[in-house]
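One chain is shown next in structure tokens, namely the form predicted on its own.
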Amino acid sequence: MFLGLDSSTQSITAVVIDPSAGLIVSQVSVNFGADLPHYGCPSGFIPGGERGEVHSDPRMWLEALEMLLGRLAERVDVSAIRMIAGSGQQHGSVYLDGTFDERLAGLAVDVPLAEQLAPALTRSTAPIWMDTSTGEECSEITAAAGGAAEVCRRSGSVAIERFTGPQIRRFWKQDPEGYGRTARIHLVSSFIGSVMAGKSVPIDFGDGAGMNLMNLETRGWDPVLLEATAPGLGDRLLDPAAATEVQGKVSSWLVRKYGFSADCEVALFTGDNPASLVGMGATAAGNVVISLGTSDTFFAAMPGPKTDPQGFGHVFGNPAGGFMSLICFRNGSLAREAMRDALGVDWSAFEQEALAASAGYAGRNLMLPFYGPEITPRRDFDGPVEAFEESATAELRVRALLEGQFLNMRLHSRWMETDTDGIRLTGGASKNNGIAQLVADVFQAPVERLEVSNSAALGAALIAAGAAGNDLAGMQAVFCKASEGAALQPDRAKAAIYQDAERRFADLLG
């Protein structure tokens, strides 16, 4: 069996798979807010941060890991687990002194993990992906490295507030003494991976690319970006490596406390988005994943490290080899729910009826579907902008909102220059047939809805099994199944309609 762990914003999850039987053996989760209320993080982070600061408590992650492993050991014979891999919320960072590895090597089974490792923290809290406090640091890194285009060319993204490099620079500026005591900087993924391995392990290419520090072409830390970020930073980072690189046997603490086999091994942990690419069965170029959530995301495998000339999209390492892109759209379900509330309708029933009723108006009425600041494109909006040919009925406004969201995705993914052979659709709104058909029509590609849950943890388990020699593509065919029923096929008669609509949408954006 193979174990995948995912430490996300609000919970930590374990998925155990048996590839020989094609089975998910067990799925177990610990919710930070519900299971560990004493940390005061009901949504997984410390509330009330000032000036855009959003931090979490690494001790909470450690206590949750112990609780998770205890629950798992009650359900599964963990001695049969052969390899462990994992993922973590991208961009979160943990800062540790020179005693960290010594503490990992000497963990006691009768003392809480957090109590044993907390003294090694040189920064008591960990900034996470939601933190937007580093605008000044982003500007400083951009200027020192030769401009936004150069930062993007080197690292795959322009300097982004929530990325780790600017967070490190902010720590160095605000607490130079604490930074001076820091011997090792980990991401959430490599921090949890280090606990499982009993020693500090590297950051993988997938997660490392979300730091504004890794050079996409060399897959090593970029000396220009390191120097632009903080002094001596390279000494505080282990060289990045591939997610499938085995780090050795598990920590003896896991063997003694939970009954893992001493022969069980640990592969590198990666970020939750690269792991989800694996868990969604989309590691080969041509398969696109669209996730319809609070923010919508569009991600896909890429054959090479091509970057977005506008700086909206991001390039990470693909755990299966090569690269992947990720584009985030802030006005996802936030915008869909805002329209629902404005129209006073039952959204789940209304959206499909509205699309059917307005089918003859495909592509004719345009809307910039932004109810607030957007990050793709990066600008502020006070509300939607409409350019309608007909009177704006409720049905047509629903269609225009949804078409606008998917036209925005289509327009801002052009830079990838990859074929869209098929779309794997996930998230709450994906269950609606009308929306799924609209995605197929706008992108002119078949759409499948996947049965996958906990895609990041499943992806981690598949990475673990792949690191042990199992065929990843074969496993994905078994574990990353589409829902029953044929894929939704695009209406080819609408190809020209949406090609013209994309052009007019771009003009409306200006």
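Numbering starts at 1 and follows the sequence shown. Rigid core here is just the name for the largest C-alpha set that superposes within 1.5 Å across the two forms. What you see is a predicted model, and the numbers here were worked out from it, not measured in a lab.
One more form of this protein exists, namely the form predicted in complex with adenosine-5'-diphosphate; it is left out here, but the text below deals with it.
For T218, is any heavy atom within 4.5 Å of adenosine-5'-diphosphate in the model of the complex, or not? Because no heavy atom of T218 falls inside 4.5 Å of adenosine-5'-diphosphate in the model of the complex, the answer is no.
adenosine-5'-diphosphate contact at S333 in the model of the complex, heavy atom, 4.5 Å: Flag for S333 set to yes.
Taking heavy atoms and a 4.5 Å cut-off, does G293 contact adenosine-5'-diphosphate in the model of the complex? Judged by the heavy-atom cut-off of 4.5 Å, G293 is in contact with adenosine-5'-diphosphate in the model of the complex.
So, I435 and adenosine-5'-diphosphate: in the model of the complex, are they within 4.5 Å at any heavy atom pair? Yes, I435 is a contact residue.
Where, among 119-127, 98-106, 164-172, 293-301, do residues come within 4.5 Å of adenosine-5'-diphosphate in the model of the complex by heavy atom distance? Flagged stretch: 293-301.
Heavy atom within 4.5 Å of adenosine-5'-diphosphate in the model of the complex: which of V398, I192, A429, L425? The residue in contact is A429.
D421, E115, E337, E136: which sits within 4.5 Å of adenosine-5'-diphosphate in the model of the complex by any heavy atom? Only one option qualifies, and that one is E337.
Judged by heavy atom distances of 4.5 Å or less, which residues of 1-17 approach adenosine-5'-diphosphate in the model of the complex? Result: S8, T9, Q10, S11.
Any chance the CA of S157 moves 2 angstroms or more between the shown form and the other one, core superposed? No, shifts by less than 2 Å.
Relative to the superposed rigid core, does A338 relocate between the shown form and the other one - that is, does its Cα move 2 Å or more? Indeed, A338 is displaced by 2 Å or more.
Residue shift check between the shown form and the other one, rigid core fit, Q116 Cα at least 2 Å: After core superposition, the C-alpha of Q116 moves less than 2 Å between the shown form and the other one.
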